[in-house]
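As a starting point, one isolated chain is supplied in structure tokens, in the form predicted alone.
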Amino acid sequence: MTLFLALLGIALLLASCQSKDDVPVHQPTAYTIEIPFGFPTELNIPDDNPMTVEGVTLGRYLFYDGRLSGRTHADSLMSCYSCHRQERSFEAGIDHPDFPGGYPHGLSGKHTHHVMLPLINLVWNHSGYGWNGSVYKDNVNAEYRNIEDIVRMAVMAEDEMFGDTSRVVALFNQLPAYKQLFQDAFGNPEVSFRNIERAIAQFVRTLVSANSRFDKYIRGELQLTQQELNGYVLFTTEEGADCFHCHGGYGNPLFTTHLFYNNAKDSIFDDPKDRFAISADPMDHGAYKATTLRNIEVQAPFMHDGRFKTLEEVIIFYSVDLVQSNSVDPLMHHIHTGGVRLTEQEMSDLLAFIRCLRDDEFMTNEAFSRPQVLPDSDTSY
């Protein structure tokens, strides 16, 4: 009897071990962001949201799905793509069919406080998202800290999707194909809003632009024109157009510092969402993020309030229309003369260089594009 019980115990133990071995372990496929030549190596990827092929795939579908607003009626759908169009470097663009002048509004009809910022190369942003940097990963006291949180903001904001996260989760939990995608990405078929945030953030982090004419020049693949080279010299010298302090250039391929500057647009400041609202530093009155100049050619209107409609207007502003104030950034070295005072030829040269930062491959890359058919749907929202 003792021998029988001992053998039975061994058999049960072996069966238990076998059953544990048979339980499939969730192992999504790691997704590696290839760092372009000359780009920084430090990426903003949270430890609790590692990049995976399955997560990126799910995120792409969600990014383009109008049901992310928590609605199913055609006249009340809204997705990330509604405002962030690939052909405009993932911002609205001045020619947006639903937002005249490139100034978006939400499903409530309320306009966004500022115009759009492009979703481009954000995986290298460590200094805060948004025009005033209110979403900052190192601010432990903030409710919103990273791209994941921006997804929640977009769904809930009155001037964006004006939705309810619980309703969004309930809707996607009714969609069988999506449940399988969540299983593949996160090992759980039950949809949670946290995993919606994670998937979309993973997709957004893949939006890397690094194949403009300038990139090819840096890699030795082509020669810029003499006019483009003249513009490059103007861009990177204080005696020229003096752009590089805020927008990078030589040694900074992102073409932004991701920092915030009062660039002498105004002398009176009444915007409750400028950088001062975050930092409480008096020198940050009227300060906003220096946007990347990559693909800037297709991102009109320009500045936080969309006041300039063309790049030519922007260049003229920096040349002759700077406005003095107590909080003008010290890097605005030419404020005492009203601007950098470029000649017409120099303006033309500078514009030629800025245009060579356009990456058409990025704006047509199928991996970033709108799917023809979304899961659980016979049409693309």
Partner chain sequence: MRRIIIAVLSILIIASCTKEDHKETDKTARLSLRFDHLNQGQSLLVDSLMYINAANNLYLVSEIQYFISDVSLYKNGETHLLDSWKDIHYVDTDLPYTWDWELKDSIPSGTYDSLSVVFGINETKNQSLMFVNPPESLMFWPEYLGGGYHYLKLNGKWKDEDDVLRPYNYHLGIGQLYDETGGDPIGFVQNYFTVTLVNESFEFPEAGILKLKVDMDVDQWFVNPEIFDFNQWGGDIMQKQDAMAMAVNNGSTVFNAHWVSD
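Residue numbers count along the first chain shown, from 1. The structure presented is a predicted model; accordingly, all values stated were derived computationally and were not measured.
Below, we refer to the form predicted together with the partner chain, which is not included among the displayed structures.
For the three marked residues, Arg60, Ser79 and Ser192, no heavy atom of any sits within 4.5 Å of the partner chain in the predicted bound form. Contact annotation for Glu344: none of its heavy atoms lies within 4.5 Å of the partner chain in the predicted bound form. Contact annotation for Glu239: at least one heavy atom lies within 4.5 Å of the partner chain in the predicted bound form.
Remark: Asn188 does not count among the residues lining the partner chain in the predicted bound form, judged by a heavy atom distance of 4.5 Å or less. Contact between Ser279 and the partner chain in the predicted bound form is not found at the 4.5 Å heavy atom cutoff. Checking 194 to 202, 228 to 236, 155 to 163, 305 to 313 against the partner chain in the predicted bound form, the stretch whose residues place heavy atoms within 4.5 Å of it is 228 to 236. Between the partner chain and the residues Gly109, Pro272, Gly220, Gly251, the one pair within 4.5 Å by heavy atoms in the predicted bound form involves Gly251. With the partner omitted here, the residue from His245, Lys265, Lys179, Arg88 that has a non-hydrogen atom within 4.5 angstroms of the partner chain in the predicted bound form is His245. Taking a 4.5 Å heavy atom cutoff to the partner chain in the predicted bound form, the contacting residues in 30 to 64 are Phe37, Gly38, Phe39, Pro40, Thr41, Glu42.
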